[in-house]
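Below you will find one chain, with nothing else, as structure tokens; this is the form predicted on its own, and questions on how it binds or moves follow later.
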Amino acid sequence: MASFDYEDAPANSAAPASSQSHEVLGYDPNFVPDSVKSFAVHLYRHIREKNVYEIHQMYETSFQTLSERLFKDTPWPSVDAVAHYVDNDHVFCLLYREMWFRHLYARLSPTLKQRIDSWDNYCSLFQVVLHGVVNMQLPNQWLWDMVDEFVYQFQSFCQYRAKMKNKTDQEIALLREYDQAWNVYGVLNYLQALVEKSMIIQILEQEKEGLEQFTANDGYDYDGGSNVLKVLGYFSMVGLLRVHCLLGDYHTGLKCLLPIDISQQGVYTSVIGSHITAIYHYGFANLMLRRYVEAIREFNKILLYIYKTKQYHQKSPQYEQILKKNEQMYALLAICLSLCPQVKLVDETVNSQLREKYGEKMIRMQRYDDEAFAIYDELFSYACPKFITPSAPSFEEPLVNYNQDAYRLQLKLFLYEVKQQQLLSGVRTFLKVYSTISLGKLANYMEVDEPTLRTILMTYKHKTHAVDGDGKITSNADVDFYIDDDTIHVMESKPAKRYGDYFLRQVVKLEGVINDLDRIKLD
């Protein structure tokens, strides 16, 4: 039901409307069909009884079915119309409105007032979770969708607000009046508050010492407590990574994700949307910080996982988004491998898919001519997050659109980095051929003088090393070297062999053979 990064809907916001009114012909916000009454009553009962299985079924299946059948191009009935069927329960009404707005964003174009009302609803909902007594168990899918949608609506609002050219006087007046709505500090503060109040970082630390069962229980509380704050805090770390990536602050984003060990299965892998969002942004941030090996490793793992499991998600409302993110990550992997040719890190299945999609382009990208830069530009533009400018617009005339500014800046920085790599492709080609070569000879081959060659070799060292998350300098180079006197000694880096993976594969094969033998009935 949630988005990952779906396209921003065109703004349809001529008149300020209340959150429940909508200029859809024939739509009556106060009319509640029997099936919706039944849905609300049953969902309310299951939430009160903490029946997570039933809540999940209603949330994932019933809500989708009703939306498809009755509300394909209209909003759901207003919360006021539904409230008296659920004892006017304050928390349930906040949850209902959260779904109401999410459906509105997915199917229609929210007005400016509706965007503001949705912000107010999130504030109220998170305030209850942070400061109230929440005695509920909700499915991980729903809790992830809340965080995901919260960040998406923030991104959507920033994009919408940055298109100032065609704004009406009424809209400008509303933007001035509600200048705190979807404020970047407010968004970051709520996500950070959920992380801190949930004590999730401490819980994950204690789990390493065997004192907690958070991951083993998939975040659920089987002692009759609530999972809501803890799991929202957990997913907020992924939300913070995404927000910081949208702002172009990759260091801070990765720091926010540090408590989650992404080399292991975790609660974030229990929801496909959360798994993909975490790895997509983690990989992208590492790409922008020149940690290509780390990006390649994680993109390879998630692309292999999607390849093996996507058939199970065909009926999921997120299926299209899974496919879109899959394609974007192949484009990012193509960029990483062009800048850092470490194909040994990529599984054969992923590599054959990559060659099919981008084989030709990757060969052209190695040339570092104008055509190559155009391909880098194209792949980056297709696969990057939708960057945002979080600051409020200038309301002075003339009003201008600045929604593309952040994207253009990140693209410029990326292409500047690619241009710097241009010198290195020639050096790499020669280093791959020789085990030792004199500086004079290599300078001759490259048609440069020796001081220039030394500069190029220093640049190569700099560009093929990056500072990892622990502050250590690591090499991304498939070919490395050192200089002794005037001789270059070349070393080809060999990836560490993973014997464990090899044995596991052999064990699985052996089990398959034993199963086949068991099926054979001997006379």
Partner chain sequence: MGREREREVQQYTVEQLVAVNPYNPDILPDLENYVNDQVSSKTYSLAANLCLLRLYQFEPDRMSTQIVSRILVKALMAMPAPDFSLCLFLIPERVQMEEQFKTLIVLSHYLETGRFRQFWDEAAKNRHIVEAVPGFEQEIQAYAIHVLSVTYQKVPRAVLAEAINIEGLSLDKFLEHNVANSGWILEKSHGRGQLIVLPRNEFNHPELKKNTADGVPLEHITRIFPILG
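Worth saying up front: this structure is predicted, and the values here are computed from it rather than measured. Positions refer to the first chain, counted from 1. Rigid core here is just the name for the largest C-alpha set that superposes within 1.5 Å across the two forms.
Separately, the form predicted in complex with the partner chain exists; it is not shown, and the next lines address it.
A single residue from the set N403, S78, Q192, Q141 has any heavy atom within 4.5 angstroms of the partner chain in the predicted complex; that residue is Q192. Exactly one listed residue, out of A278, A334, I272, L240, brings a non-hydrogen atom to within 4.5 Å of the partner chain in the predicted complex: L240.
Residues placing heavy atoms within 4.5 Å of the partner chain in the predicted complex fall in a single listed stretch, namely 250 to 258, out of 427 to 435, 100 to 108, 113 to 121, 250 to 258. Although the partner is absent here, T215 lies well away from the partner chain in the predicted complex, with no heavy atom inside 4.5 Å.
By the criterion of a heavy atom within 4.5 Å, K361 is excluded from the residues contacting the partner chain in the predicted complex.
At a distance threshold of 4.5 angstroms between non-hydrogen atoms, K357 is out of contact with the partner chain in the predicted complex. Contact annotation for E371: none of its heavy atoms lies within 4.5 Å of the partner chain in the predicted complex. Contact check for K301, Y330 and R367: none of the three has a heavy atom within 4.5 Å of the partner chain in the predicted complex. Along 286 to 306, these residues reach a heavy atom to within 4.5 Å of the partner chain in the predicted complex: M288, L289, R290. For E49, the Cα coordinates differ by under 2 angstroms between this form and the one not shown after the core has been superposed. Comparing the forms between this form and the one not shown, the C-alpha position of V448 differs by 2 angstroms or more, with the core used for superposition.
Once the cores line up, the CA of I483 ends up 2 angstroms or more apart between this form and the one not shown.
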